[in-house]
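Let's start with one chain on its own, the form predicted on its own, as structure tokens.
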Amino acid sequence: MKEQPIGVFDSGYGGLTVLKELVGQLPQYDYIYLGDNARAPYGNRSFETVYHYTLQCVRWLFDEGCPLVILACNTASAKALRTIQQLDLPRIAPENRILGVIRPTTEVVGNFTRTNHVGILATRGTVLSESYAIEIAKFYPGIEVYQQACPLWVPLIENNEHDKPGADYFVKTYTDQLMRQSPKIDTVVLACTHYPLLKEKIAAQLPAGSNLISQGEIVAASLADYLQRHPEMEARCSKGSRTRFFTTDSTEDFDNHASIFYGKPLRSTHIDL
């Protein structure tokens, strides 16, 4: 059977933290990862630009045979997913599907909080989209949502400065700004797939007993559930336990940085869009 991998897309490296969990929980499937590193980061770009870039990358993954694409990028999920699902998918590939990372996270966030005060740490684009507040309200109307943009965290991580002492100041700055919005916050969502690399530093700045949620495990469990509920899609996904990596920028840079997110060495291929 022709390989029909599950596509995983991110503007850069962060989606590798999601892919790592997908491969860990669902190792039987084939995967293609595409990082649009040449145009990253997406966090401060306009809705129209993020939509345009994301649609280009989704179409490339479809052309590579992916019947299912996961936007492992909160900014793309917030700014582009709904439009592509509603306007583009019926026209370009009605039999294919695109999933994001925001809905799976918001579906379960109520299981973690006792105070019903939830904090969101995210890029400026995700915060401005209000996607988390809107989605959480659908599932848990009693939860109060507080958001904090962290514009310097992705550059810190992508320049491999996240584990240096200098990063502590910026982690504390944004975490304190979030907690000042409500001392009742007991659950914080890392609403950017880069942020798990700062998880220990962020946790150290939160009150004792706080829940700090990263998305990889949640998205992997959600995908397993989705495939079980949609056997027609599950049957289309090839099962050869192969994972391939592509980047729109330098493969040398990608391979050097990507191993930090993925947890082991990898080799990528360059593509032009």
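From a predicted model like this one, the values you see are computed outputs, not experimental measurements. Residue numbers run from 1 along the displayed sequence.
The form predicted in complex with a small molecule is left out here; the points below concern that form.
Out of the listed residues 81, 185, 189, 154, 154 is the one that sits within 4.5 Å of the small molecule in the predicted complex by at least one heavy atom. The candidate spot formed by 43, 73 and 193 lies fully in contact with the small molecule in the predicted complex, as each residue has a heavy atom within 4.5 Å of it. Residues placing heavy atoms within 4.5 Å of the small molecule in the predicted complex fall in a single listed stretch, namely 34 to 42, out of 205 to 213, 34 to 42, 52 to 60, 229 to 237.
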